[in-house]
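Below you will find one chain, with nothing else, as structure tokens; this is the form predicted alone, and questions on how it binds or moves follow later.
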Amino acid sequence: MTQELLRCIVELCEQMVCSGAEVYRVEDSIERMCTAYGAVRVDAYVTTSNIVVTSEMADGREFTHTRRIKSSSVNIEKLHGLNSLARQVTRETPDVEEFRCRLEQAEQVKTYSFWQQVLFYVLIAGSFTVFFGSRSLRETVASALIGGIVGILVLKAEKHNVNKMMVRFFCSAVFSTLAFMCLHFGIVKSVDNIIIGNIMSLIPGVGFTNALRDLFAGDTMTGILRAIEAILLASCMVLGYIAIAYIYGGVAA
């Protein structure tokens, strides 16, 4: 074990957290990789915003590394590649150059294009509008188009690292405004299903699920932090809708 190897291990685990991994999974990966390189004791502390690792060798040497995590999202495909790399490192213990080369390859996963992601927002909004009871083609099409606009706003905001709570509040206000405008101009007869369909693409369901998994795994602090974040994001969505509904005179049936 060297300081550079520990740096690579922490960088790998940082990418895991940024891709949506549970804290207990990241801590376990750190301990396994450091032990594979000869560490007799590993102390790893991981939260959604910080990683601190101290590795003690048999000859008394100690290596410590800290990382500050400023943002995270959910990328299951990338997380799968990083998990596979962590298992490979545990089995094969490559040198620093090989480790870093494999890490760069794992980070370069194929991602969907901007417009493909916008299309997913369109499909999600339209599908959930039908799922929650809409039988009107106009409502479905209106919801899908509004979902595309929301998708563009969300993706642009993520690109510029805009605060997540502000993004949820603003996007909720935007799709609520557009839904009420469709009602005002007689395009649709109800805004309920349109608003519900677009809310579904913004609900922090994965974040709340990870919070529960962390709590059940005994990582109380991280679980509470993730749960609070999910609740705050959901609350901002609600406030955005309430503000626009108040302006338009309440919820229209």
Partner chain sequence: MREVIIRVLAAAVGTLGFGVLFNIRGKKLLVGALGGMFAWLLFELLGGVVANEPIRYFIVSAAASVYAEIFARLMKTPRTTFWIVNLIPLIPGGSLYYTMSSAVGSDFELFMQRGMHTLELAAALSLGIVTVAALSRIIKKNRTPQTK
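Numbering follows the first chain given and starts at 1. As the structure is a prediction and not an experimental result, all values here were calculated from the model.
Note that the form predicted in complex with the partner chain isn't included here; everything after this is about it.
For a residue to qualify, one of its non-hydrogen atoms must sit within 4.5 Å of the partner chain in the predicted complex; none of Glu11, Ala44 and Phe170 qualifies.
Of the candidate stretches 141-149, 68-76, 93-101, 159-167, only 68-76 has residues whose heavy atoms lie within 4.5 Å of the partner chain in the predicted complex. Distance criterion of 4.5 Å from any heavy atom to the partner chain in the predicted complex singles out Val191 from the list Cys34, Val26, Ile51, Val191. None of the heavy atoms of Phe185 is located within 4.5 Å of the partner chain in the predicted complex.
When contacts are judged by a 4.5 Å heavy atom cut-off, Met200 counts as touching the partner chain in the predicted complex. Contact annotation: Met237 falls within 4.5 Å of the partner chain in the predicted complex, judged by heavy atom distances. Remark: Ala230 does not count among the residues lining the partner chain in the predicted complex, judged by a heavy atom distance of 4.5 Å or less. In sequence order, Phe132, Arg135 are the residues of 132-160 having a heavy atom within 4.5 Å of the partner chain in the predicted complex; the partner itself is omitted from this view.
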